[in-house]
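Next come structure tokens for two forms of one protein chain, structure 1 first, structure 2 second.
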Structure 1
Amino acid sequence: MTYRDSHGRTLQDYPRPSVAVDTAVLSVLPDGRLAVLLANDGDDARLPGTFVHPGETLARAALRALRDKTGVDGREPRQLHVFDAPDRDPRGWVLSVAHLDAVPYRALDFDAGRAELRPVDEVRGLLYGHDEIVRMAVERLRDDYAASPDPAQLMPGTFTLRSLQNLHESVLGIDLPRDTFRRTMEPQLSTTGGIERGGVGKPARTFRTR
């Protein structure tokens, strides 16, 4: 039986937007800059995204776009926000369900012929309003890193407090007072009982996240 509302209309009687998914994959470059993965299409750059196919979940569409547009597979991006301004996309009425993922640089295996990692402070003029998605993704990741040690697991299994602080400064885009950072983060870490040698000065204790 076909559903009809109180006006006798079916769902097909109402105009509906297209639904897209776009994913901001963030990582920290070896030089310490926070970067986002962009798909290249000729001279245009954008977040890897796609329209949702019939019978497809948002999560599957996001994974399909990452695989097809950048070569990235095996990730689990989380939903970030729904961008629904009616005029946001010049192609028409398109809702974008934006997703966010943060990946260690060493683990981000993408097709360099189809995608690039671009520092977030150099991202501007992306198609389809993707600048705003990148901005919100960066803000969300920075909120996550403001009070918790490496919540996205960008560090290797064990690390020193100095290397952890370097990572947080890269994500947050600011310098952090060493003593304040230590007092905030060390109680949330587990010590390994080991030390890291080879640096200047006293060997540093190593930690892991809980």
Structure 2
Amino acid sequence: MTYRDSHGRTLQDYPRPSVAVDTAVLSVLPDGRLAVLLANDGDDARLPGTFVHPGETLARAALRALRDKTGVDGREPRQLHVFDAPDRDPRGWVLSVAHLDAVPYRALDFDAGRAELRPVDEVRGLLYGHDEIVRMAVERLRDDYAASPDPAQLMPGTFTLRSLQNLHESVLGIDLPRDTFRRTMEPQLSTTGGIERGGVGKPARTFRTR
């Protein structure tokens, strides 16, 4: 059955845009800097993206692009914004749905030949205006990390409050007071009963997200 509108036309009779997805994968480097995953495009860099295929959701397309363009397994792409300026793309009418995905550094097994992790402070001059997407992604992630512990699940299963605070400071780009951080976050966590002896100093209790 083909559906027809009041003029007897089907969906195929109207021009349609191409729809792309571009994803800012954010992660925290071992040195504590917040970074974004970029794909090489000739001499330039861009966010990994692709056109959406029939029968595919946007999130699925975003994950496929990450895998195909960078070798990375993404997790849960979230929509940020649809870029829709009609003359954005010289190839024609293309809408691009920007996404954010947060992936732990330890799970980022990217193909160094085709991709790089660049600290967000050093992102400038990406192709297709992707700087703006990075900016929106960082802002969204920072909003998420303002009040609750590791909402994007970047920590491993169990962790100490100190390591959780380090993560939050990396994401937010600011230092946090240790005592206030503990008082805010501890009630939102579960204790594992475990202890982590990290070398010098009093061993720390370990927690997990609830």
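Everything numeric in this text was worked out from a predicted model, so none of it was measured. In this text, the rigid core denotes the largest set of C-alpha atoms whose superposition between the two forms falls within 1.5 Å. The first residue in the sequence of structure 1 is number 1, and each one after it adds one.
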Panel number for the form predicted in complex with a further copy of the same chain: 2
After fitting the core, S18 CA displacement of 2 Å or more between the two structures: yes
Flag for T50, CA shift 2 Å or larger between the two structures after aligning core: yes
Residue shift check between the two structures, rigid core fit, L172 Cα at least 2 Å: no
Once the two forms are fitted on their core, CA shift of G74 between the two structures in Å: 5.4
Backbone CA shift between the two structures, A85, after core fitting (angstrom): 3.7
